[in-house]
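One chain is shown next in structure tokens, namely the form predicted on its own.
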Amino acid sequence: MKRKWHIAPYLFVAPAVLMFAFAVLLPILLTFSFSFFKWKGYGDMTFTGFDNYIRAFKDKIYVMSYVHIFEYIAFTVLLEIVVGLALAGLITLNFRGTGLFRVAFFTPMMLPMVIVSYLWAFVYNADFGLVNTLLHSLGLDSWQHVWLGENKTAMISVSVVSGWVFAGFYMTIFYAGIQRIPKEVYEAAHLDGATEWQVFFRIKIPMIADLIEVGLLLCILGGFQAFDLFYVMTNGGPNNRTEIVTTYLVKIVFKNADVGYGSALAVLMTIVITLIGVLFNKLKPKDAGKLEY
């Protein structure tokens, strides 16, 4: 039986397909093609083959930017996922003022990251910032630092800000996951004499393992997409200690006007993120979050 062909469905999806092609596919293809040229963004383009890619592997700042990214991701997993999980477990206890507690921790998520960056740069200011002022008032002058200007404190200082912003976000996700667990499970656990700690670690966390996995993936991808905090608060300093891939890429393209090399860095970054995504899916437990209850 011959099927009748209808054009109407294709007309409905055509605008979305065209928009995707121009907004996503075309920039990707152009970036990939630019990576094989020496080009300033204007003027003549000189084909250089894989020179830009070879240069990237010899570029110590670029290589170290990945080390900094993974360091940042490690901090953010601790400060966002672990703290978010602890906060979610805390508010499920339904103590007085739980609603205000949730709002207080979720509010930073609604602030623009640029505003957050300037706010915390002020807080970390070595001369009149809140952190050093508080330490001085407590008599802990030896603990004072130039938080964003010292190699040993710059990365953790920026990571703390990220934790302050996103811990509430993960708290909300994990809290929603905990709420879906039937009350009968808690009642059975309490009848068996389980404490709140045991309920949290042996029931709540295993049953929201799927959400924790999603949180970890978001944390990893968010680490590679980080830009605002680092660009505003440290601009890669001190001594390239907080230089990450995105900030370095922007400097290469817009400050050094080296579009060809910047395109190669962007292509390599895309490959790395894709490989991490594939590896993450391969390594994650297949039965996470599928406990029967």
Partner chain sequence: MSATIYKSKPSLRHNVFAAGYYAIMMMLSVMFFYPMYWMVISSFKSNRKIFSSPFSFPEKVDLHNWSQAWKIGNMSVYAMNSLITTSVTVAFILLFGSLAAFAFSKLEFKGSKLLLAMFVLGLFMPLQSYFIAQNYVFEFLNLKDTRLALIIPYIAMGLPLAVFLLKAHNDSLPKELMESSRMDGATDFTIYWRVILPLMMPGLSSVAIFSALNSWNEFLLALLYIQDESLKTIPTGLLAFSSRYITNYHMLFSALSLVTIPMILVYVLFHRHIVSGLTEGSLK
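As the structure is a prediction and not an experimental result, all values here were calculated from the model. Positions refer to the first chain, counted from 1.
The following text describes the form predicted in complex with its partner chain, which does not appear among the structures shown.
- Although the partner is absent here, residue 43 is not a contact residue: none of its heavy atoms lies within 4.5 angstroms of its partner chain in the predicted bound form.
- Within this chain, residue 228 lines the site of its partner chain in the predicted bound form, having a heavy atom no more than 4.5 Å away.
- In the predicted bound form, its partner chain sits within 4.5 Å of a heavy atom of residue 110.
- In the predicted bound form, its partner chain sits within 4.5 Å of a heavy atom of residue 28.
- Shown here without its partner chain, the chain has 190, 196, 204 in 190-208 lying with a heavy atom within 4.5 Å of that partner in the predicted bound form.
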